[in-house]
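The form predicted alone is given below as one chain in structure tokens.
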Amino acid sequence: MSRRPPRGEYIETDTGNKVARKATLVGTQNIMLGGKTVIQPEVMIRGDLNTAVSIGRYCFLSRGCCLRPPGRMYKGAFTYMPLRMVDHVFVGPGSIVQAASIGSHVHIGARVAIGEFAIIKDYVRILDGTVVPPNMVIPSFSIVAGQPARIIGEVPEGGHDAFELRDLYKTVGNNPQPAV
């Protein structure tokens, strides 16, 4: 009989991050997790491109999504720039993110493509299947949809609680708690 405890589906770090064993994090020296972040199976984070990927607290990366820093030609050489994601960001399944920055309390739906150097401000909801073109700036409190993306509405006053991810964080991991 083995004395080792059984291996769970997730690795839990000292800062409360829950990383699925079946997630692919390449170049971990360039990936910074703020704490209480969930990375589900089949997620790919590209930190091997010699630039930082910074993820804040209470972020949730759904199954099959990909985070990749944006890149461009700079002084005759192709260079990758940092990808910065602040707090309480939900990235839906199958989404590809190449943004320069994503503010806090952002919900990115399923199968969304965010182009290089896009800037997404705080309290933004991007609906399923949206394609955000490169360099687009999405203002705070916007609801975005379409291919290419366009602003179709505003996040209503009082609708900010829907962006909180603390309860979702508790439902994932080796010892999940039921949602309240």
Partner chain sequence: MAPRKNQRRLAPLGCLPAPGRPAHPPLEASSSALLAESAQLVGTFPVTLCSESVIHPRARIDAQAGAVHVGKRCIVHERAVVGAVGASGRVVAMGVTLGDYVTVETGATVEAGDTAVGEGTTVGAGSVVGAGANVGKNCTLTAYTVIKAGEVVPDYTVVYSNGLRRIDRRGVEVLKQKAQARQIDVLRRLIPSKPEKFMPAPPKVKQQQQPPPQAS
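Source: prediction; values computed, not measured. Numbering follows the first chain given and starts at 1.
Keep in mind that the form predicted together with the partner chain is not shown, yet the notes after this line are about it.
Asks: Spell out, yes or no, whether the shortest heavy atom distance between residue 43 and the partner chain in the predicted bound form is within 4.5 Å.
Replies: Heavy-atom contact with the partner chain at 4.5 Å: present for residue 43.
Asks: Report yes if any heavy atom of residue 154 sits within 4.5 Å of a heavy atom of the partner chain in the predicted bound form; otherwise report no.
Replies: Residue 154: no contact with the partner chain in the predicted bound form.
Asks: Consider residue 80 of the chain shown here, and say whether it contacts the partner chain in the predicted bound form, taking contact as heavy atoms within 4.5 Å.
Replies: Flag for residue 80 set to yes.
Asks: Heavy atoms within 4.5 Å of the partner chain in the predicted bound form: does residue 103 have any?
Replies: Although the partner chain is absent here, residue 103 would stay clear of it in the predicted bound form, with no heavy atoms inside 4.5 Å.
Asks: Within 4.5 Å of the partner chain in the predicted bound form, heavy atoms considered, which of 112, 124, 53, 59?
Replies: When the partner chain is considered in the predicted bound form, the option within 4.5 Å is 112.
Asks: With the partner chain left out of view, choose which of 66, 143, 33, 136 has a non-hydrogen atom within 4.5 angstroms of it in the predicted bound form.
Replies: Exactly one listed residue reaches within 4.5 Å, namely 66.
Asks: What residues of 114-140, in sequence order, lie within 4.5 Å of the partner chain in the predicted bound form by heavy atom?
Replies: Contacts from 114-140: just 131.
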